[in-house]
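This document opens with one chain alone, in structure tokens, the form predicted alone.
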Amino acid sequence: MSDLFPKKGHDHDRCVHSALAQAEKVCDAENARFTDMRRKVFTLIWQSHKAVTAYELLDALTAEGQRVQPPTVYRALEFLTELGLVHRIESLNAYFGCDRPDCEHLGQYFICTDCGRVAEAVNEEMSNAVRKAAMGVGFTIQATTVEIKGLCHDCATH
């Protein structure tokens, strides 16, 4: 069994620190400004392994004393999504941190319907099958979202 979902009690600060380091490298490579607000939104998304809505981000920023309007959060999310630093989970209208922002990929998202955690897998066989099917009908892929809902290991065993 793969460790897609982190074990309970893992060092989450390490996840956030690693994600920030990767984000900074991507921004540097793309010559993109990782502003304080973009960094804050990114960090809030990485605070858990759950998908976070724009309004949850807005509430968290407000609770920290930030005076932020929804368009500011949406602009930060657009920036982060365009650089591949976060993914939008369509069915939840929420965002989740990407742990592979330095390479283009078609991810598959496992969403636990009990605890709300999300994990990303990259199965090249599945990705290649999607690409092949698209090519077979002359279709140009602009975005792909594969969402699989069920129970993570922790929730399934309780």
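Just so we're on the same page, rigid core means the largest C-alpha set that superposes within 1.5 Å between forms. Computed from a predicted model, the values in this text were never measured in an experiment. Note that residue numbering follows the sequence shown and begins at 1.
Keep in mind that the form predicted in complex with a further copy of the same chain is not shown, yet the notes after this line are about it.
C112 is the sole member of C27, A60, C112, C98 with a non-hydrogen atom within 4.5 Å of a further copy of the same chain in the model of the complex. Of the stretches 45 to 53, 32 to 40, 61 to 69, 126 to 134, only 126 to 134 has residues with a heavy atom within 4.5 Å of a further copy of the same chain in the model of the complex. Contact check for V146: a non-hydrogen atom falls within 4.5 Å of a further copy of the same chain in the model of the complex.
a further copy of the same chain is not shown here, but in the model of the complex it comes within 4.5 Å of a heavy atom of G138. Residue contact check for E104: none of its heavy atoms lie within 4.5 Å of a further copy of the same chain in the model of the complex. H105 is not among the residues whose C-alpha shifts by 2 Å or more between this form and the one not shown once the rigid core is aligned; its shift stays under 2 Å. The rigid-core alignment places the CA of V146 less than 2 Å apart between this form and the one not shown. The Cα position of A134 differs by 2 Å or more between this form and the one not shown after fitting on the rigid core.
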